[in-house]
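Coming up is one lone chain in structure tokens, specifically the form predicted alone.
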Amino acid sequence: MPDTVRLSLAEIRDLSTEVFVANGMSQSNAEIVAGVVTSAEADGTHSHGLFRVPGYVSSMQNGRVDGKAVPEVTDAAPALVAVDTKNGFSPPAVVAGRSLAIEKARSQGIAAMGLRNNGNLNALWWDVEQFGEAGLIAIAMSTTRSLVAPWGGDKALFGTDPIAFACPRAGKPPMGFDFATSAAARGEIMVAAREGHAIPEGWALDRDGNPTTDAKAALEGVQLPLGAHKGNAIIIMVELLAAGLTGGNFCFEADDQALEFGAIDGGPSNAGEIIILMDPGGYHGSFLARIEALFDRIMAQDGTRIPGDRRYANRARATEEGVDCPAILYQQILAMKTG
């Protein structure tokens, strides 16, 4: 059997949707979540693509996440939108609150959408890119489960707590990035463990608190903050804004709750997310032209690139050529089509 299976983006979307619906997700939610899976595969973010499908299915089967949840959107204040995800998947909640959040950002100049009770965490660049395409600057932050030790410690307390940013551009896709505030995303270590690769030093400690480059030992131990004490401070900021402000769980609270379900899929429980939106036209009308001068200066140096450009290149290639999926993973997902 070949090691990989080549799939078109349409095949990835259809397969994911079918598997989700077969295992208890509503059709409307399945189409949105499958869209995120497909986008992640297209952009080369495989750790949030098909790799996540078995975990999403197990989270519904063990009752930790409600695949049929209908998000509740509240007009909380002139510049605030609150969304209760109802312990469902977060992408449908982002979609549910999106139009109101955009309307508020355009009318007030700045707005925020807070999500609480998220049952999962997807790639945050998907959350912010759609606002960038609407002409808004977007910053998103989210909590996860406790996976990261505070700087100087050796016991998990924080999550990988990602941050994402998107900035609109004239005639071009938004500039954007998405990264964990831990030294590496959890998914990167999970993929390394699955494929038998070592991980760089500084990513994690083993269960005894010793530095390790063994991915499996890292998964049994704790991860470390990005950039030592500076990353530690950023993680605390994310906890305060994404969980403290929205009413979502802090990472240690999510971890305690996830353990009730065996934490089979490793996802967060009742996590929080904050998306801050700004209308760049609020200060002056030349923003889009001004930023291109900066991007031109960056690209004038050999070896540089604008954040997000590699994802867009991957997306264009995947649209034409499809994506290679590990055969073992593909067969595992196919077996889930019957629920």
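These numbers were taken from a predicted model, which means no experiment stands behind them. All residue numbers are counted from 1 along the displayed sequence.
Below: the form predicted together with a further copy of the same chain, not depicted.
**Student:** Is it the case in the predicted complex that S107, G114 and M175 each bring at least one heavy atom within 4.5 Å of a further copy of the same chain?
**Tutor:** Every residue of the candidate spot has a heavy atom within 4.5 Å of a further copy of the same chain in the predicted complex.
**Student:** Would you classify E103 as touching a further copy of the same chain in the predicted complex, given a 4.5 Å non-hydrogen atom cut-off?
**Tutor:** Because no heavy atom of E103 falls inside 4.5 Å of a further copy of the same chain in the predicted complex, the answer is no.
**Student:** Contact with a further copy of the same chain in the predicted complex for F250, defined as at least one heavy atom pair within 4.5 Å: yes or no?
**Tutor:** F250 belongs to the contact set for a further copy of the same chain.
**Student:** Does M278 make contact with a further copy of the same chain in the predicted complex, using a 4.5 Å heavy atom cut-off?
**Tutor:** It does: once a further copy of the same chain is placed as it appears in the predicted complex, M278 has a heavy atom within 4.5 Å of it.
**Student:** Using 4.5 Å between non-hydrogen atoms, is F295 touching a further copy of the same chain in the predicted complex?
**Tutor:** The answer is yes: F295 has a heavy atom within 4.5 Å of a further copy of the same chain.
**Student:** Heavy atoms within 4.5 Å of a further copy of the same chain in the predicted complex: which stretch in 224 to 232, 89 to 97, 210 to 218, 118 to 126 meets that?
**Tutor:** Contact-bearing stretch, as computed: 224 to 232.
**Student:** Which of these residues, M190, A82, I199, A134, gets a heavy atom within 4.5 Å of a further copy of the same chain in the predicted complex?
**Tutor:** Contact check passes for A82.
**Student:** Counting only heavy atoms, which residues in 233 to 250 are within 4.5 Å of a further copy of the same chain in the predicted complex?
**Tutor:** Those in contact are A233, I234, I236, M237, E239, L240, L241, A243, G244, L245, T246, G247, G248, N249, F250.
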